[in-house]
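Just the one chain here, laid out as C-alpha cells, in the form predicted on its own.
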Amino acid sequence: MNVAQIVEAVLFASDAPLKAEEIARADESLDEDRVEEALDLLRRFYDESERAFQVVEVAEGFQLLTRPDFATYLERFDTVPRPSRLSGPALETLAIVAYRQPIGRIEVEYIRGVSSSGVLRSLQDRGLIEVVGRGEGLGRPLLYGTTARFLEHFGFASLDELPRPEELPIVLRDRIPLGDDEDEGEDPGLQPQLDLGGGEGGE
C-alpha cells in the first residue's frame, strides 16, 4: 500500500479534520512531510479525474468533502448529514465573539443591545464557542472565544481567513471600552445592533 492510499483511507474514515501529524500516526513509516506530499498528490488526482469530492484544508486540518457543486443532489437524501442552521441572533453573537475574542458576556450584550446569555450558552452547547479565560474586572467574568468546530462549520482553514477588519461594520472593527461614549450623551442600552439577518434577542 502506498502513502497516498493510506492517507486517503484515513481521511475517508474520519468525520473531522485531521492535521498532518495526526494522519502520520497511521503508520510508523509516515511523517508530516510524506503526508503533505500525499495530500498534494490526492488533490491533483481528484481535480484531474473530476471526482465529486476533494481534499479541503479546514479547521487547521484536512478533510475529504463532497464538492459544493453537488449539494443540490445531496439535499434530496435524508441520510446525508446536514450542518445545523443558526438563527440570526446566534450568527450575530458568533460574529461578535469571532472578531472580538476573547470577549465577555457584558461586552457582547453592550454591542448587541439585548441579553445574550442564552445565545452564548446555545453556541457553547453546539461547540462553536468556549470559555478561554477570565477577565480582570469585577468577579473575573468568563471570556469566550471560537473553537475548531467553528472553523469546521464555516469552512475556514484558520481565523486568518475571516474577512479583513476594514471590510467589517465599525462595531466589530474597533474595540471601544465600555463607557467611552459617555461624552456623546448616548445610552449604552441603545447602541446600534449588528444586522446579520436577525435582530431579536432569542437564540
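Keep in mind it's a predicted model, so treat the numbers as computed, not measured. The first residue of the shown sequence is 1; numbering continues from there.
What comes next is about the form predicted together with a further copy of the same chain, which is not displayed.
Contact annotation: residue 27 falls within 4.5 Å of a further copy of the same chain in the predicted bound form, judged by heavy atom distances.
Using a 4.5 Å cutoff between non-hydrogen atoms, residue 160 does not count as a contact of a further copy of the same chain in the predicted bound form. Contact annotation for residue 44: none of its heavy atoms lies within 4.5 Å of a further copy of the same chain in the predicted bound form. Contact annotation: residue 142 falls within 4.5 Å of a further copy of the same chain in the predicted bound form, judged by heavy atom distances. Along 7-24, these residues reach a heavy atom to within 4.5 Å of a further copy of the same chain in the predicted bound form: 8, 9, 10, 12, 13, 18, 22, 23.
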